[in-house]
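Structure 1 and structure 2, given next as structure tokens, are two forms of the same protein chain, each shown alone.
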Structure 1
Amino acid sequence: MRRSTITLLLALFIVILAVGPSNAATERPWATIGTGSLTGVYYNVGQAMKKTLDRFPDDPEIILSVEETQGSIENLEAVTSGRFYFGIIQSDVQYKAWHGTNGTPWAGRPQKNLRAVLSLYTEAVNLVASRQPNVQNLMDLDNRRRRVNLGELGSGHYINATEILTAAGIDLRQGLAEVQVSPVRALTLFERRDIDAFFFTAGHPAAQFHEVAGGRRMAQFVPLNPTDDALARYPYYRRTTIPIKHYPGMGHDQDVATIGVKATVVASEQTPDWMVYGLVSTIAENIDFFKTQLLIFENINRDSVLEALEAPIHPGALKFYREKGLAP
């Protein structure tokens, strides 16, 4: 009996030893980041961040959990409520949430626990139009015969499109035949000639524009080049260009001027400083590896991570930026 008891205790001790390291592994800090749909760019960006953190672990090592979400608005709400440590959101959403901008979900209740972490890549506001009828500039849309998709009501595409049209002085009630469908649906409608043009906010290169460039209907990008006064109404936009090298089928001989927002990473005031520092330092110090994972990262550099951060920078991120002379 005694021998069997000893045998049982030894077996139990061996099990504890076997389980012990696994339990220790699970005690390493987890950091959840909200991204987007499984087929979307934000989810792939989150995976690229995770792969970088896994390959170049900091001390303490951060295990990034990449969560599928509905995008910027859900990510922001999840971060400010404490459900996620990090989230990927557009810079215009960051601006509006921090300021409590009217006409937004945060009107009258600015999200003062929101903190900026780093900027990733530019998301251009793209306007694609058929070459027949000819649309050379934004004002050519000021015609009730022009059927233009602005995106689903309330989406980032829709908000960007309406702000740009408003800045140009186009009355949405009178100036065009407005369509409100998703960008994916818009591609089908455009190919079937059911719409003449569509807005689509996306980083470049984007597979959707490759599809349009290779389609049967001749298409082109329409320049979006608002005046400085018009752009000042929306301080979160930045001037950028559409790199035509990716879309030879669109018929342009030079890059097309447009404006855009930034895809940014945010946290809350409660996200631990060491966790933010670890994420930022790992991405920034290994930026060359990070950039190899997605083509949309091609213009990222260590300095660009500070662009278009509309909320106060998180202390953990600011510590790294000051160490590298990137921030005062």
Structure 2
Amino acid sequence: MRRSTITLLLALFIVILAVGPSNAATERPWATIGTGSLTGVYYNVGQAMKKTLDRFPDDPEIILSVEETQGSIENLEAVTSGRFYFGIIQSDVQYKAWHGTNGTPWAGRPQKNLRAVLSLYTEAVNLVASRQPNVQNLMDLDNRRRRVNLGELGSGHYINATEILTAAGIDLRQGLAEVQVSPVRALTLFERRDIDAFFFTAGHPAAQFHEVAGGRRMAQFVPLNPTDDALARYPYYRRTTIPIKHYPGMGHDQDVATIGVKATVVASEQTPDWMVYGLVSTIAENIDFFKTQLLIFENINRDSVLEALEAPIHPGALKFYREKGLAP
């Protein structure tokens, strides 16, 4: 073979290697999912997804990396910026980011590359407060001496806390001493009497509340019971209750009224179709295995997976929903 022919063949070979066949199997199987604090539920949800994908690998298989984060807002930013392929976020955060709602980090900047994947379970907006001093309702917080943890800036509860306090007419700068720490840190500060209350939006049961219920300082859930008019201004909240059967130590004799959102999984326009299809189909096809891992998955059904999704459904997920007759 002439030297120039060999050079040409070699060059061609290198090009083929570099470009490769363009099917999904050659794409990297590692997917990252942003979750939340170790005492919340999102982190366990991420682990349950990982376990299901590892136990029932598809072809191509997905290797999920479950990341601990501050929560919804950090996850949303990580997904839309391409740092993570998936994130678990609150449905109200999905709404606000997709619409670019005023008074949020996305005001006038709707996140148009956001895509919805599936909806999981109801999360309650939880406000936990001390019984000494006795903080029984929201207005008991309207006092400069009350230190309240609203959550870290990357969390979903930070956005709920500011919205709820503002709607109740409590001036964030004048009314209370605001603290911005993680849920884990909030438990320590609460026990040390450095804070009197903390917000944490999460589904029940969650380790965060088990820990506070079994802690040294007596705690209680504070009801959040907005009027219908107030609720109508915030289309993403629904009325719900905190099931107190999980927390006998909190001293309630009936479930506590509050408002709630849904925990949802999102991706971005850039998340590969095969990967989203693989994640959704593997979980759906092995739903019994998936559901046995967390009590909170109890109420997942065919209809609930499409509830409270604001951004357009990712094409990879839509393909699966259409195959199963769940979406037109």
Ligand code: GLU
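Every value quoted in this text rests on a predicted model; they were computed, and no experiment measured them. Residues are numbered by position in structure 1's sequence, first residue being 1.
- As summarised for this chain, the second structure is the form predicted in complex with the named molecule, and the first is not.
- Two rigid parts of the chain turn against one another between structures 1 and 2, and the hinge residue out of Ala219, Lys262, Phe290, His157 is Lys262.
- Hinge motion between structures 1 and 2 is captured by two rigid parts, the smaller swinging by 25° against the larger on C-alpha superposition.
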